[in-house]
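One chain comes next, on its own, written as C-alpha cells: the form predicted alone.
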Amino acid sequence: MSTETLHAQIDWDELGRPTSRQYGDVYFAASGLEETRHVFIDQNDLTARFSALGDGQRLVIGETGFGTGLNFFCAWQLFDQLAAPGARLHFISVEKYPLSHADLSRALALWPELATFTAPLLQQYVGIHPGFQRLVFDGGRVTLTLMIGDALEQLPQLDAQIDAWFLDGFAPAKNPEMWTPELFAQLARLAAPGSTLGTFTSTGWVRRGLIAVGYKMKRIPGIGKKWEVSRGVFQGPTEAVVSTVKPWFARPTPPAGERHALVIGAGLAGCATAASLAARGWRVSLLERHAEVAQEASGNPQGVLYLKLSAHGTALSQLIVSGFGHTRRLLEQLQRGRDWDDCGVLQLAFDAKEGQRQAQLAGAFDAQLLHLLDRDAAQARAGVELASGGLHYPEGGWVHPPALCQWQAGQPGVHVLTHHHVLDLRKVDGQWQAWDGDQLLASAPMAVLCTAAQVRETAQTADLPLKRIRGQITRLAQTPGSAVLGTVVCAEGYVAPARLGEHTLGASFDFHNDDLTPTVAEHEGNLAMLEEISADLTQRLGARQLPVEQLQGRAAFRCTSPDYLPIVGPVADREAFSHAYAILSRDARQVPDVACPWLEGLYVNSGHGSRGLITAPLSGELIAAWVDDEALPLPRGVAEACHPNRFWVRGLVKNKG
C-alpha cells in the first residue's frame, strides 16, 4: 500500500490526446487504432486465433500498461466479431497509474467507433484501487483483470497462463523500470506453451532480454513514425523453472465430462458461486432448503459495504480491497435507491485507539478509497450531530442483500431448487449425490458447499473450523427528522439511511445463543449503539420513546473462521492428507513431492463473517477459477490464505494432524 498518487497525471495536447505527466510520454500515436492493430493484434495473430476459438475455449491476453484501455477495446472488438458465442476472452493488464474516470471518459471519446465496448467499462469503472480488480462484461464472455500497482510487484503475485502478451509500457527511455530482466522473467514464468508477444519497441537490449528468457524475437516493419516493431514466440525457458507452489495448494485436475455443478446453499456465497460458474458455461443446480434464496444471514434488509482494513497489507486487507471493488461494480446492475445506495460509509473515531488506527489507514491507502473527516466535516456529510469525526469511505454504502442474491441466481444457466435440504453428500460413480435422508435430490460431477456453518454437518468438511455468531438487527421507521441522514454511520454498530422508509440498525454479536427469535435485550443493545453513534439521530428517530418490546427486527448467524479469512477452494480428504504430509509434524520445512489427495470435484465457499457482501462475490470468481483452471482473481498468496488446506497444514505443523 502506498500514499503515492494513485491516478495518472494527464496533460492534453492540441488534438485532445492524453500525455502522461509522470513519464513525459504519449499514451498512443496519432494513428492509435492502426498502431494497436499492427503491433498487438497482428503480431499475436489474433484474427486467426479468435476465429479458431470454439465454444468453451478461451484465450488469455496479458498486458503491461493498461493506459486508456485502447488495446483491450480493440482486442474485445475483434473477439466479438470472430469468436464462437461460447468462447471467452480474459484480458489481464497491469497499470501503476490508472486514469481517473473523468480522464478516461475524455480519452475514450476520441474513438466513438468503439463506444459499444468503452461504455460498459466506463459504467463499471469504480472501486479501481491498488491490487487485483476484476471486471466482467457481456455476461461473463469477457473478463478484465486489472492489477493496479507496479508491474514488478503485481506480476509475481499472478497465477495465470498467458497466451499472448501486449508489451505496451511507456517507451524504454522514458520508463526503464518497465523493461527489465526481472519483468522479462515474469513474462516467461506466466507464458503458456507457444505464447506470443507483440511490442512497439525494437530496442536491442529489450530484444536481447526477451531472447534470454526463452522468446524467439523478430523485427517487423513498423507503422507511422515507428520504423520497426517486434514480435516474439515463447519457445520455453532457457533453464528449468521450479514451481514454488506447495503441493497442498497446487491446482486439482479440472473436472472432466459434463459441465454440471451442484451449489448447495443460496445465500451470498452460493448465489455468487452459481453465477460465476454459469458465466463460464456450467449448468448449475442451486439447492436451497428454504422457499426462496437469501433467507438466512443474507436476508437482512440492509448490509453495509464496510471495509475493515489493516495498514500492513495483510491477505485479508488485499481480499477486502479487491472484493469491495468487485462487489461495487456488480451493484451497477441493480437499482440504486431500492437495491443499494453509494451514500458512503463513515466509521467514527470513537476513542483514541480507534483514532490512531484510522490515522494509520489514512496514511496507507489512497484518499479516494478512504480519508479522514474532522467532526464538523463528518457531521456535514452525515447530516446529523456526531460525537467525533472519523474515516470516510466515499464509494461505500448499503446493499439489500436479497436483491444481489436474486440477480445472481437469475443468471442464465442457474436453476434454483428450493425446499431442497441437503443432509448428506456422497460420491458415487464419479457423481456427487445430494441426499435428504433416503431421498436423492440431485447429482453432478461437481459440488460446492456454500452453507455457512452447516458446512460442518457434511461428513467431508466436518473438520473445518467454522463457528456461528448470532447477530440481531433492529428496524426503525423513518421520520421527517431522520430523513436527513446522508451516509451509513458506524461505531460498534451501524445505522443506515432509510430504505423504503425504514432504517436498519445493528448488529449485535452473541456467541452463545442458538435461538434466532429476536430478543428485547438485543433491541435495547442496538438502541444503545445508536445513542453512541449519534444522540441527535436517536432523538430524531424518537427511538427512546418506542416500546422496546414492540420493535421489529430479525436475527441470523454469521459464520466465521479462526483467522477471519473465508474458506474458499477445493477440498482434500483429511485422513489421506494427514498421511501424505505427516512429515510436516516432524519438520515444517519439508515439502514432500506428493500430490494432494483431493476429493475430486468438491469445493467449499464459506466463513465470510460480517463481510459477506464484500468477500463472497469475488470468492465465487475464485471458485470458478479453481474449477476451470483459469487465472486467479486474487494474488496467489491471498488465494492460499483462503484455502481450506491451510488448517490441515497448521494442524500437522503443530503436531496435531
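The first residue of the sequence shown is number 1, and the count goes up from there. The shown structure was predicted, so the numbers you read here are calculated from the model rather than taken from an experiment.
Keep in mind that the form predicted in complex with a small molecule is not shown, yet the notes after this line are about it.
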| query | finding |
| --- | --- |
| Interface membership of Arg611, the small molecule in the predicted bound form, 4.5 Å heavy atom rule | yes |
| is_contact(Phe365, the small molecule) in the predicted bound form, heavy atom dist at most 4.5 Å | no |
| Partner contact for Tyr494 in the predicted bound form: the small molecule, 4.5 angstroms, heavy atom | yes |
| is_contact(Gly471, the small molecule) in the predicted bound form, heavy atom dist at most 4.5 Å | yes |
| Option from 281 to 289, 130 to 138, 342 to 350, 581 to 589 whose residues, in the predicted bound form, bring a heavy atom within 4.5 Å of the small molecule | 281 to 289 |
| One residue of Val489, Val568, Leu319, Ala507 in contact with the small molecule, assessed in the predicted bound form (non-hydrogen atom, 4.5 angstroms) | Ala507 |
| Listed residue that, although the small molecule is not shown, lies within 4.5 Å of it in the predicted bound form (heavy atoms), from Ala261, Leu404, Ala297, Ala191 | Ala297 |
